Structures are given as structure tokens and as C-alpha cells.
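First, one chain by itself: the form predicted on its own, in C-alpha cells.
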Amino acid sequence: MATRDSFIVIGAGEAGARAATALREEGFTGAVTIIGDEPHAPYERPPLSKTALTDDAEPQAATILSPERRAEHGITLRTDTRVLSIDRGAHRIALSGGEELAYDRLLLATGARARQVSVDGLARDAVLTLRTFDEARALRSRLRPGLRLAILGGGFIGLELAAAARARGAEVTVIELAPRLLARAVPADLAAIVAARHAAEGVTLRTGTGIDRIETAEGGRTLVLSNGERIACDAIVAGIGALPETDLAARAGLALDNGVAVDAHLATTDPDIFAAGDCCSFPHALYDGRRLRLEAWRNAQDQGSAAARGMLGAREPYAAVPWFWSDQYDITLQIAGLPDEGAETITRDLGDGARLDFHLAEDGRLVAASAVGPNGRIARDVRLGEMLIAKRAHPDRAALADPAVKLKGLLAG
């Protein structure tokens, strides 16, 4: 190709929208097209399990790219459109309406889909999921005082939904197969604080057990747990994780590894195709090239920008510190870095019920900081912890534990 003048983004989520705007911010003047299979313009997903369910007003999708912003940046958006195939040799994609489009470089930002539940006695359409705005709107219409809601999965989505449902007056039971809540990403001590808060709010928690079968009768459904317990419910929501959307990449012959496999610059095994966000796995420069796939709002933003630079020829490795957050009731959980990389934990009491854990590798390098408490008490310190992680700092243990020692001073040192 003599020129690179047509870039296409497949996926109209956070990563895709951010990549499209970043291309313009980096000076790209060719055609930029975003293709999404939902009827909506790109929108924020974090509110779906929070304010979209609890606000008094009917929810509206929190649009990322307004028509005015798209016009300002010269971005073409095509909604309600699926990409059926990629012809890598011809640099063309086939669309669901029969049209074909040529590309010079392509970004896969296809996201992930909710993992489905398979249980005896349960039809697939009997279980709700919470991944899209339309699903949030459908679930909101069901939430009411006295509704008996069973949530399968005690991760971020399941617990945020539990908090929202309790705010709407529903009776909530959370069922988690693992021995504790938030087992995948949150240290046990912080997860215990979150669990205690849900219990105090009236949520019934069942951990270390799964669902054996579901019995349906005129009065509703009964979940029969593997421990023999029976739980009556009116609605069931599955929050048991997500699977990366890789079908298109697989059909195109791209390498897969827990998602679309990309290199440190977010390029796939085809140098003209990149991937970003929930759909891809990548080697992380901060963690000795450990291959990760992150389902997080911040990661989608950061990778969208990084992929745009990579599509334009930049070669810097992706090294943004992973960052997660969750709001439940009036407390916030924030995690910077990867706690499971730590061999030692140092705790700092922030006061007002807030707690901050620092996770150190065997050589004393700070690899993660995790905190729970009121947002105003933890946000600044987690941000400083994130900066220390990015610097590969080896902070003094006693200083980390002492609330009187300013983290900003450790950063300067």
C-alpha cells in the first residue's frame, strides 16, 4: 500500500471510541470509521450496574461520542452493523448488509460477552445478564420493592447489582461458587469488608456453593443449591464473568490466547490489524511480560489511545498500570496494579473506616495498591500508589504503614 488513509475500528465501545478520537489527536487526517453492532452510539458502561438502575429518571445511555464530537473529529459511525469477515489479503471487511469496505489498518475493539449459565431446568432466556444498555433498561424495569432477586456470581458486576437492587427495595441473594466474594481480583481482607457491608444491607450471601437445578412453579422459581439449600426467586441475573469476542479474529486466522493475542504494541499477528480492550490479551511490560486480559474501563481507555498510536507507527510498549474500581453503597473499592504479584502486604489505616493495602514483590518492589472506604478517603492515596508502581519503586515498609508519612514524599524520593 502506498498510503494509509482509511482506518476502521470494529467495536463501538470505550476502547473503539477512544482510539478513533486519539487518531485525530495524533494528527491522522485519513478516513476514520467506527462500526458497532448495537443501535446506540458509543456509551459508558460503568453506569449500567449503578446509576442506570437506581436513578429516579429513566436512564439514558451516557454517550461518549456525541454527533457534534464525531462531526468535529470527522469520525464516521455505523451502528446496528455487524462485521461478518475480514479478508486480510485484500484488506477488506464484509458487513451484515452486504457491503464491503476497504481498510489500510484495522482495530479490533470487539469487547466481551456475558458468560451464559447452564443449569438443569433453566432456559437460557430465563436468566438476565447485564452487559449492554438495553439489558440494563430491561433489568431496571423488573427491580421493585419485594422482588426476590437471585444473583449468580459474587464479582464486581454481581455485587454492584446487589447494591443497586437493594436501593430499589428488592430482596437479594448472591450465590458464589468460590469460597469468598471477589476471589478473582480483590485481596481477601478487603473482600471481607465488602461482604460485611452487603450483609449489613440485608443481602443474603451464599459462597462455596453452586446451583444444582432450578425448579419452576406457578409462584416463581426455586434455586436448589449444591449444598441442598432451596432459594425462592422471581428473577435471576447471571454475573459470572465474560468471554472475549474473538470469533471474527479466529475466522480471519489471527492468533488467540485468552482473547485476541497482541504484542507489546497491541498489534496482532497481522501487522495491519491491532486489538484493544476486553477482547485482547497482551504482555505487560511492568510485570515481566506476563500476558493479561483486563476487563476494565480504564484499560479500555488506555489501550484505545495506545492502539491508535501503534496504528500510526509508534513502537512504545504498553505499560499502563492496571486500575479497577467499584462503587457499592457509599463505599468505593479501588485497586491499582496486580495484587496477586505481591509476596507481602503492608496495611495503612486511612481513618474513617478506610483501609489501604500495599502489595510488595519479593524484592520489595511495589506491584499493587488496593483500598476500600469512602471515595474521598482513598482516591488520592491509590493514585499516588499507582504512580509509585509505574516508577517500579521500592518504598520503605515502615513509611508505607505510617499514615503520617506522605506518599507524595515517597514518590519524590
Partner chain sequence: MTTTTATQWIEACDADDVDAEDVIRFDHGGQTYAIYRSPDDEYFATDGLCTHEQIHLADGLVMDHIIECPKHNGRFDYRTGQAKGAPVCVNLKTYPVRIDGGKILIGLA
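Model, not experiment: these values are computed from the prediction. Positions refer to the first chain, counted from 1.
As for the form predicted in complex with its partner chain, it is not shown, yet the points below apply to it.
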Residue 334 within 4.5 Å of its partner chain in the model of the complex, heavy atoms | yes
Does its partner chain come within 4.5 Å of any heavy atom of residue 54 in the model of the complex?
-> no
Do residue 171 and its partner chain share at least one heavy atom pair within 4.5 Å in the model of the complex?
-> no
Non-hydrogen atom contact residue 38 with its partner chain in the model of the complex at 4.5 angstroms | no
Tell me which of 342-350, 27-35, 364-372, 43-51 has residues with heavy atoms within 4.5 angstroms of its partner chain in the model of the complex?
-> 43-51
Which residue, 234, 270, 327, 135, has a heavy atom that falls within 4.5 Å of its partner chain in the model of the complex?
-> 327
Of 103, 318, 323, 156, the one that lies within 4.5 Å of its partner chain in the model of the complex (heavy atoms) = 323
Across 293-311, the residues having a non-hydrogen atom within 4.5 Å of its partner chain in the model of the complex turn out to be 297, 298, 301
